[in-house]
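One chain follows as structure tokens, the form predicted on its own.
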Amino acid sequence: MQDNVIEVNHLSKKFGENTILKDINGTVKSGQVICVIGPSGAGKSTFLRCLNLLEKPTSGEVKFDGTDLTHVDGKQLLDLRERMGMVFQSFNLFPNMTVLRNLMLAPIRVKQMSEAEAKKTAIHLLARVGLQDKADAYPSSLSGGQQQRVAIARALAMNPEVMLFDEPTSALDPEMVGEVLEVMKELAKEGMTMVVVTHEMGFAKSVANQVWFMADGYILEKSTPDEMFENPQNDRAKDFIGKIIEAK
């Protein structure tokens, strides 16, 4: 694993005539937590989905551990994708499977892990997110916060080197947000490399190494959390952060 885990160079993404991402550049180093903030419609989720090629960029490079993902496909792309866990806004759990089976499925099918080893890993990860007592439950019986913690554990079951989070708390009731953020804070403390699209400014301020502000398809500012939230330089960032402070 290189020091620069992810490198993005001159990335653009169009949907038809609509350009969503415009000349995006950035580097994520091993162990860093990058929080991506900005108004709705800025292109944040599209940017995140381009990092593991769930969306294919129109132009530019996305390098993961030195390999440009835009120039690989088939098994090589799948192998590289396995090393990046992704957690979405919606939990995407299989409703007909228990929590335990949800966690075991991909390691058995994709990594050819034995049933016993996959079960052991799944139980360990459920304990890590505080849900060891829910192994035999079905997703429909869990709260939104619990389902999202299961989704994080499921992503971790593939033993990824990087975790991508696309607004993981936006679908949750306010009282459930904290339990998910706590799991993410623990991952950050353990040194997991993370790119997090989030509206949770308190989380970004306390956990991120860098905050990237996006608007209108551009990354307009990158800085430390203290600089971003206390003295943003870009006018759009000033306006966005000012409104958040006023709303409080």
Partner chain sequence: MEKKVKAIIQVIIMFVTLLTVGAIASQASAADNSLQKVKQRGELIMVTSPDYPPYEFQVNKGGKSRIVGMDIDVAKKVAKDLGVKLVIKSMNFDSLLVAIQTGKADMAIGGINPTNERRQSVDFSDIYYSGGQSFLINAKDVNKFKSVKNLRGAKIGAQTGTLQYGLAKKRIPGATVKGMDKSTDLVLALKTNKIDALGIEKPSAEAYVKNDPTLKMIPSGYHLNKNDVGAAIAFKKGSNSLVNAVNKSIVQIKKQHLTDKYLASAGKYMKVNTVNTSMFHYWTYFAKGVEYTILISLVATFFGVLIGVILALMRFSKQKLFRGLAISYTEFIRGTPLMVQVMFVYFGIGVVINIPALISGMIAVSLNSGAYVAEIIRGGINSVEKGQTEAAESLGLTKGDMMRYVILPQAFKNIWPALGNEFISLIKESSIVSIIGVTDLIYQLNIVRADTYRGVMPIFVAMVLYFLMTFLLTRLLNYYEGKMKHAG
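This structure is a prediction, so every number in the text was calculated from the model and none was measured. Numbering follows the first chain given and starts at 1.
Keep in mind that the form predicted in complex with the partner chain is missing from the display, and what follows is about it.
This chain is displayed alone, yet in the model of the complex one of 93, 118, 126, 177 has a heavy atom within 4.5 Å of the partner chain; that residue is 93. Screening 171, 72, 100, 106 for any heavy atom within 4.5 Å of the partner chain in the model of the complex leaves a single hit, 106.
Residue heavy atoms within 4.5 Å of the partner chain in the model of the complex occur in exactly one stretch of 208-216, 183-191, 47-55, 22-30, and that stretch is 47-55. Taking the partner from elsewhere, residue 82 is found to have a heavy atom lying within 4.5 Å of the partner chain in the model of the complex. In the model of the complex, none of the heavy atoms of residue 76 sits within 4.5 Å of a heavy atom of the partner chain.
Contact annotation: residue 140 falls within 4.5 Å of the partner chain in the model of the complex, judged by heavy atom distances.
Contact check for residue 154: a non-hydrogen atom falls within 4.5 Å of the partner chain in the model of the complex.
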